[in-house]
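Quick heads-up: it's one chain on its own, the form predicted on its own, in structure tokens.
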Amino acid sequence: MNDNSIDLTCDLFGMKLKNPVLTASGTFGVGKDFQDFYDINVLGGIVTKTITMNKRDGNKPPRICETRSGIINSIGIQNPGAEKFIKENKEWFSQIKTKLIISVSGNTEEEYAEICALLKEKLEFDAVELNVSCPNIKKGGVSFGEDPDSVERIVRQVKKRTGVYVITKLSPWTHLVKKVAQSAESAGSNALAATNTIPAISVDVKTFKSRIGNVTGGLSGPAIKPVSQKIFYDIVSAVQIPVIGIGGIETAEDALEYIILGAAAVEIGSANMYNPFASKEILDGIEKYLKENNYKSLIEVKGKFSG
């Protein structure tokens, strides 16, 4: 679909998207493999796999386990390191005609700013997404995302050193999530993304062991949507900056639920892993819904949740 009478644009307070559909980190690579299925430039933007300053080999296998209600993954942020990531993808990124958001993680608070500074020096992109919430690594990740002061320091350092547009991706695994969101906002985060996967385990009754080599991982997929939406709802009510909705989005209706709750945009995650057309289909479905219900723009339904 491509109905020019429907306004799908989204204003994320400093970054304007042509539509609300983004891809979630770790589920879309850098977009190159999906270009064989459809023109990824029709999306509002892509969020790359997470990178760290130095190469990470990731967690021991098995790293992915299917359950009846979603996928548990424990990749461990496998990546070639920032320098090699830039070198390998710079030419490809120059061809992308939609928003490019680089996901970054660090082993220390200072490392986030170091990576962002390196990216700014050597690569053209639109925003960084600070992954302070990954539950699959022992250093960094969720330990930062559970601490409002740590998140505030990370965001403040990135903004002070680079001035880039910052999206802070929050962890669902803390009772302080509203405080963490407010800390990121006060430190200068331009937007938030909520939420990441939920810690989970799957037991093999034949071996008496976990089906994940790292024992635990992060659950994504339809099972987490109601939980993610509750956390998302709490966050939206606590901050003034835009919040991007993530968690269990498989259909246009799922995405619209987040938008009605107040999402400025949405990120499509594990659905991309089993349906390479998922993000495009969700975008088309949102447009179809607006047209069939006589809405002229996305803003007419955004945040209209009435309890």
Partner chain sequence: MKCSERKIIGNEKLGKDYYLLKYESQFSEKSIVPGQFISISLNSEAMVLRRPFSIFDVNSNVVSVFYKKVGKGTCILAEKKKGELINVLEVLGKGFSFYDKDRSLAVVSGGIGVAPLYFLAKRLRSMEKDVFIYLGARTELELFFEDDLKKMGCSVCVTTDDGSKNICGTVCCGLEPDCEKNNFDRIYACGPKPMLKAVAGVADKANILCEVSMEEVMGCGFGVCLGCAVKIKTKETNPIYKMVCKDGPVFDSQEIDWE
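Numbering follows the first chain given and starts at 1. As the structure is a computational prediction, the values presented were derived from the model and not from experiment.
As for the form predicted together with its partner chain, it is not shown, yet the points below apply to it.
Interface membership of Gly45, defined by any non-hydrogen atom within 4.5 Å of its partner chain in the predicted bound form, is ruled out.
Remark: Ile64 counts among the residues lining its partner chain in the predicted bound form, judged by a heavy atom distance of 4.5 Å or less.
None of the heavy atoms of Gly213 is located within 4.5 Å of its partner chain in the predicted bound form. With a 4.5 Å cutoff on heavy atoms, Lys49 counts as touching its partner chain in the predicted bound form.
For the residues Ile198, Ile71, Ile96, Leu118, the 4.5 Å heavy atom test against its partner chain in the predicted bound form is passed only by Ile71. Every member of the trio Lys60, Pro222 and Tyr274 reaches its partner chain in the predicted bound form with some non-hydrogen atom inside 4.5 Å. In the predicted bound form, its partner chain lies within 4.5 angstroms of at least one heavy atom of each of the following residues of 24-58: Gly26, Thr27, Phe28, Gly29, Asp33, Phe34, Asp36, Phe37, Lys49, Asp57, Gly58, in sequence order.
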